[in-house]
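So this one's two forms of a single chain, laid out as structure tokens and tagged structure 1 and structure 2.
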Structure 1
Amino acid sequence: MISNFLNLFEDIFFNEKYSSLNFIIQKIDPRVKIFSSIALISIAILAKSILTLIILTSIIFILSIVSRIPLKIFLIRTSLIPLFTTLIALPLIFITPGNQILNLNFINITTEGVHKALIFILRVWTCVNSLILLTLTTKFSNIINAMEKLKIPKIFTVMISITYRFIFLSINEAYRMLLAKESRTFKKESRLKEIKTLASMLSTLFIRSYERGERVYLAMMARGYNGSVNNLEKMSINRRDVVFILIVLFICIIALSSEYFLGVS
């Protein structure tokens, strides 16, 4: 059961299947993609109209489709946060004063409320979509390389890449321990007892990870590590990247100006 869960988990969240494909978005320079994501998210944050948000989200969906990401995978990956947002937004429908659509004794739904909730959820969804599109179409090692090229301090990039590498191992270890614990518990335990077991598992994990870290350090030293990590990877911005970024900028400008100057809402 747990190993099934682990496979599913890896498959959903850490799959590099789609980032190693070779379609339009995958081919764009990762720096350009990071920049574009930030730009699209910023526009979504600034947008005030449902229409703008719908257009932005549609564009992102089109991009994900041309990068051959299965719609199902994309939806699973992007629905978690919007669902949670929906929970938060739900009360808005009832508490916002304004035009009543529905009025049953206590329940009181207004157009303003629905609009407010909808735009909130849609905005969050657009942002998540744009971020997950970046993740799904870019190999993790390329994101790290791009960060290195963008002069993010080495300690971050080196640590992120080693951390990422060992996350799977840690999750595996943690779940194997949980499984071992499950197989040895036969009755319902008190909460305090449960926290206690968890704490002892976490401290064991801590000690193991510490020792693993020491061994990894030795392995790095054995191969000449002296505090810095070099990289062969080269990146270059070509015509395709320039065109892509111009399109993204164009979309951003259109969206912003239609909102602010033409008053589309």
Structure 2
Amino acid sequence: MISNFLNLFEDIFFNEKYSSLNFIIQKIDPRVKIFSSIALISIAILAKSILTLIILTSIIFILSIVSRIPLKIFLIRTSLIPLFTTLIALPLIFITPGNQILNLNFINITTEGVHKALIFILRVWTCVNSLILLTLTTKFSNIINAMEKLKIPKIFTVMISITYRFIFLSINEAYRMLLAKESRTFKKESRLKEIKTLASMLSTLFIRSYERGERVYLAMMARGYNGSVNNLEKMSINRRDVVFILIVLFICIIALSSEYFLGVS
């Protein structure tokens, strides 16, 4: 059970097989994709219309299809956080005053409450979709390199880079510990015993991760690490990147126009 969860968790975070594909979105400069994602997220945050958010989400799904990312894979990665968002937004349906849709004893569902809840859920889903599309179509090393080119603080990019790599190391370490535990277990344990074993494994995993981090830091310092990592891949913005960013900006302008000038709601 736990080993299956670890395998699923690792598969969710492993994106290199899609970012290595040779299609249109994968070829776009990482800096352009980061800027485009920020633009789409900004519009989603400002949006007050369900129609606008649906259009933005649909555009992101179209981009994922163009990138040859399987729809099932994309939905699995983008639906986890909105599920928790739905639970958070659920009370808005009952506590927001307005026109009642349903009245059952102490439960009042209003039109305004449903609208607010849908706006919140779609807004989060659009932002998550944009970020997932960025990570699926861009190698992680290129994302870090692009962030450095965009003058994002070095300490921030280094922390993200190391954390990302340690996720997989920790998952592999936990998987090996589970295999070792299962190979030494001859009969089914009680639930209390399993909880104690899991707690012991978690504490051991924490200690091993801490010690590994110390060893990695000392090894980096011994090899002359000075706080910067050189990336051999060169980045350049060409005509394709300019066309892509102009299309994204045009979409953002249309969305803002529909929100604040045409009165779409």
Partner chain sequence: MHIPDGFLDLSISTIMFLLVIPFWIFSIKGVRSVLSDKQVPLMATLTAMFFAAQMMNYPIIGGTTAHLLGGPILAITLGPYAGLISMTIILFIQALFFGDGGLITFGANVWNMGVIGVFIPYLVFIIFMKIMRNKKGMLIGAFLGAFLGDVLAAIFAGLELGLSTINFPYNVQIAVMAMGVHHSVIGIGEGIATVMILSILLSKRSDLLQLQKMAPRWLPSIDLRGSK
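So that the term is clear: the rigid core is the largest set of C-alpha atoms that superpose within 1.5 Å between two forms. What you see is a predicted model; the values in this text were computed from it and never measured. Along the sequence of structure 1, residues get numbers from 1 upward.
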- Item | Correct structure when looking for the form predicted in complex with its partner chain | 1
- Message: Relative to the superposed rigid core, does R212 relocate between the two structures - that is, does its Cα move 2 Å or more?
- Response: yes
- Message: So that I can tell if S161 moves, could you say whether its C-alpha shifts by at least 2 Å between the two structures after the core superposition?
- Response: yes
- Message: For a quick test of reading the superposition: does S200 move by 2 Å or more at the CA between the two structures, rigid core aligned?
- Response: yes
